[in-house]
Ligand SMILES: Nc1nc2c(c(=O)[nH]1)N[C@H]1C(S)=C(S)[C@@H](COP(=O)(O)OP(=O)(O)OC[C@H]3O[C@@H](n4cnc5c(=O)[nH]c(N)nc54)[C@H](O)[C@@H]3O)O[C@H]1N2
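There is one chain below, alone, in structure tokens, taken in the form predicted alone.
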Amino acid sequence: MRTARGDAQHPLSRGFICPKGASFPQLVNDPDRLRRPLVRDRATGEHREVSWDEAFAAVRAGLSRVVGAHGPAVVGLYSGNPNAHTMAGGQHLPAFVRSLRTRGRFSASTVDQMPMHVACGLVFGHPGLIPVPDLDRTGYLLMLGANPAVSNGSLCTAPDFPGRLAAIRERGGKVVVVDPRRTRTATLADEHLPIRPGSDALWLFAIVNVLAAEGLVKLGRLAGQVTGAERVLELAAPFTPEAVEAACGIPAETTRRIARELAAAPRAAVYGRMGTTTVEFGATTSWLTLVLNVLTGNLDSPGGMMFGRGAHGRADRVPPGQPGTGRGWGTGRWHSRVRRLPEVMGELPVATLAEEIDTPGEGRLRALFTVAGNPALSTPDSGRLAAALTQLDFMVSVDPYLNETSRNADVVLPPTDSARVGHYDFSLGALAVRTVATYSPPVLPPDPTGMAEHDILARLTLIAQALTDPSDPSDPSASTASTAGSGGSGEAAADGVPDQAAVDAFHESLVLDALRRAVGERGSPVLGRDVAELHAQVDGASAPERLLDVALRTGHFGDAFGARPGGLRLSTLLANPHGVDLGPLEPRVPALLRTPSGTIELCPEPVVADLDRLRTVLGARPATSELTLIGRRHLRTNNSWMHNVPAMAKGRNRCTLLVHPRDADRSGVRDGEPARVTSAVGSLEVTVQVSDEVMAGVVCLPHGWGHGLAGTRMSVAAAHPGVNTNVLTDASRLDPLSGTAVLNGIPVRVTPAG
């Protein structure tokens, strides 16, 4: 593969491609990328290349040893955010997770977007109902803690975000960015408001306060569909613009002006991201963005915050919004062993992963699977986690690199190049600002000695199913256990490794499971149909394609297996390689709601109970002796997993500490020289970059760095190692509603190195 170009005929991207996309061939052709499995010699720590059968035999032996001695509860799993970019992540990973029969599940969500899931789950009844800004029709965009000019959208799929921001201004609209740093996005906006890290909830509540005090609340088309709005306005009473000014750093009159502008705009959207979720009040801040969109009549309204609709998505509830038809949503079905932190969306906070491994006692994690993740760099208190990984009895990594995490794995299973498998956006497509369906068939032929990720996960699932006991109905982590694979007719080899017939049968069992769910789901276009009849019509040359065909045909725009002629199916997308444009987003409330009341429950009790914490910081002034650390992202980096691409690594050093000139003078540090940054839990040395793009009192360091450790095989990354900012994060500091680690707003001290 030599080049990657944007598709000018694609209805959503319109040919836009970012530097990360343009460097895709280098990622595919990377000589450091693993092509064959590795097994580690525990005596020497060295990894050696083995056959696939030998690798899976090692997986079975290691997992059997741990589960046989301690049961499946001591097995953990961590999945990273690259899973959102693969078909296997959406189609096959869930079955593998269930097959492990463990509550020790972790993911990158609790160092990222989990607070928004919690807010949406409590307000709308389902954590996946996340609204996105209708960028192409809005006239006023208020963004907090987001830098989409670099990320190209996050929980909002919008290629060429800078172009879309420019279009808002060109049609007479306004873009306001609230961020402690003058980001690239802020330079493209009409107005940039610096705010003290972690104080966004106070400021948003002050805007609610102004709306209430000045009679600016208007529910619009949602009138009659919202409960709890009056109580929210009452709760906002103490949070006046004057009361929050000192803590936020935004003048009271500016807060009032923004509130009035937001209320007066015919079409407006309030959008928050990483800077608002990875903080102490992440869930409350996310909730307040929903509140403001509702109170100004901009939720589920063209030009406001609307709900994406992937072509593969399930139908909305029928009858729409009928009270009592939703179960609602909550957390805490089980708790972590050491700190008793509650489960959220079937997983525990990743900030607890190290202690769940290294704290002695019954039930401590003894085995770990990682799938497309690098928690040794991306999660809090990295030093402790790195040490904890060496204490595991067994570890498996599904990863194309020997990185800072997988270097500890007993078995490394590298998926084949992504250009050799098809691609459809399940996660990102459902969060797109316009409904588009696109399937990209494999670009390159299969590697005869490689293995696709869906086949790897299928084998791991079959191995886990054979070793775990599904007979305990009291285990809430097994309440949704799949029967996938139970009807497989293939035989396992003598060493317990599933043969190809068993894998093929497993794939087909996933197809059958998907059909069974579809025919039994209220609102489904194939409700009550015969599974065997539908199964005979499923199309596709591979398991991912067959599963996609089922999802498309039973989704919002599907052909319902012939019941809706002209509807979508796999063959439709294959015949339209540039994608199918299904139009702009449309209002979906109340049909999509899953709350018990059938309304938008704007004032959920868990949030109300947590407001006491927020009131304690009302009127607080920041300590003048401390600096506050925040993270940052670059256009040429994507967390930790593209740092081995030469095109992304070239140029100046991007892993630097941004320090405001006034703070540099006060701390005695100089531009281009090393400084020591110390937090409550760790210390590191990094090069200083003096810049007024961060507000005074704030320092800024990118995440995802810290390469070059012994045992890794990433030569480009090792040549540009940077430092790991998570050495400074405190795993004990979490947003209690979501379990999300506090990665922004960390008190630190900066001194000259040495």
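We number the residues from 1 along the sequence you see. Given the structure is predicted, the values throughout are model-derived calculations rather than measurements.
If you look for the form predicted in complex with this ligand, you will not find it shown, but the lines that follow are about it.
Scanning 348, 108, 396, 526 against this ligand in the predicted bound form with a 4.5 Å heavy atom cut-off leaves one residue, 108. Listed residues 338, 386, 150, 560 were compared with this ligand in the predicted bound form; 150 is the one with a heavy atom within 4.5 Å.
Partner proximity in the predicted bound form, defined as non-hydrogen atoms within 4.5 angstroms of this ligand, places exactly one of 640-648, 541-549, 458-466, 357-365 at the interface: 640-648. This ligand in the predicted bound form comes within 4.5 Å of no heavy atom belonging to residue 101.
At the 4.5 Å threshold, heavy atoms of residue 134 stay clear of this ligand in the predicted bound form, well away from it.
This ligand in the predicted bound form is approached by residue 703, whose closest heavy atom lies within 4.5 angstroms of it. The shortest heavy atom separation between residue 195 and this ligand in the predicted bound form is within 4.5 Å. Taking this ligand as positioned in the predicted bound form, the residues of 398-431 that bring a heavy atom within 4.5 Å of it are, in sequence order, 398, 399, 400, 401, 403, 415.
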